[in-house]
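The chain below stands alone, shown as structure tokens; this is the form predicted on its own.
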Amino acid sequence: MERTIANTHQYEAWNGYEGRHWARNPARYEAMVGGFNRPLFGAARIGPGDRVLDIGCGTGLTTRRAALKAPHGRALGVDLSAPMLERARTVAAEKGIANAAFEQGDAQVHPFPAGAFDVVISRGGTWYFADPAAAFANIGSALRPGGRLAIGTPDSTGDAADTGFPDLFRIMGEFLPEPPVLATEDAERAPATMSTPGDVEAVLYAAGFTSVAVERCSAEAMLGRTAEDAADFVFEWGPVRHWFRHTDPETELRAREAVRAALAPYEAAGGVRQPGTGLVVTAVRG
């Protein structure tokens, strides 16, 4: 079957270096984003017989957890990234989680079976879409009437972002000709669409959801064992490699050292941990 892709730049990234790096380092990335698992699953309220759809499942931890919470149901993880899905399938098989499955697809246009799921979840996988309203209308079509949506998404509001932790992107920007930007598919429509409460509500209501509720939650991201380890990890991220692709090696080394120095005061026995906030959003399919 020919695969339809609307978010082509994201498809290229997640099937290139970005996806391969996540697939090779699932534990490190899970340590970075896993603090949002508890609030997400608390909001999802997955029952033993639920059929769960996980959007942007990555290497599959959230899909596996959903499957375990629904032993008489099933969980399907969908993601753009073939390397990450390969890892997800391997781990699910190793752990004997037979009611977890995985498909490659772009959730904005993927042909989901109508009304086939009771719950949709996503941990950070829904803010890359070129057309968020179209994407959530398509995702909503996969839910039965009255089905539940629970997603975690970044919080870009200024007050929430003011944690006192070093702004690593600003530090990197001092060594780059242009300020670093986390790319989404459509520079005009997508960037902050799913990272402020008002915009999230507008998108979901436009997509046909009801009873939209948005709550902020706090979590820590584990960046590394030491400041040096954390800086090395940060400079392996796909976006950072992209930003520094045209700089000379010495400039990148100086930028890396500046990041390491900024993180040094935050070294602790538990590693370098970055405080942060996110949005946990729930809604009901109308």
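In this text, residue numbers run from 1 along the sequence as written. Predicted, not measured: the structure shown is a model, and the values here were computed from it.
Below, we refer to the form predicted together with a small molecule, which is not included among the displayed structures.
Sort through 171-179, 74-82, 91-99, 210-218 and report the only stretch with a non-hydrogen atom within 4.5 Å of the small molecule in the predicted complex.
So the stretch in question is 74-82.
Answer yes if any heavy atom of Val33 is within 4.5 Å of a heavy atom of the small molecule in the predicted complex; otherwise answer no.
Val33: yes, in contact with the small molecule in the predicted complex.
At the 4.5 Å heavy atom threshold, is Asp106 in contact with the small molecule in the predicted complex?
Asp106: yes, in contact with the small molecule in the predicted complex.
Evaluate Phe136 for contact with the small molecule in the predicted complex, applying a 4.5 angstroms cut-off between non-hydrogen atoms, and reply yes or no.
Result no; Phe136 lies far from the small molecule in the predicted complex.
Test of understanding: in the predicted complex, would Gly56 fall inside 4.5 Å of the small molecule by heavy atoms?
Yes.
Given that the small molecule is left out here, which of Gly115, Gly124, Pro166, Pro197 has a heavy atom within 4.5 Å of it in the predicted complex?
Checked against the cut-off, the match is Gly124.
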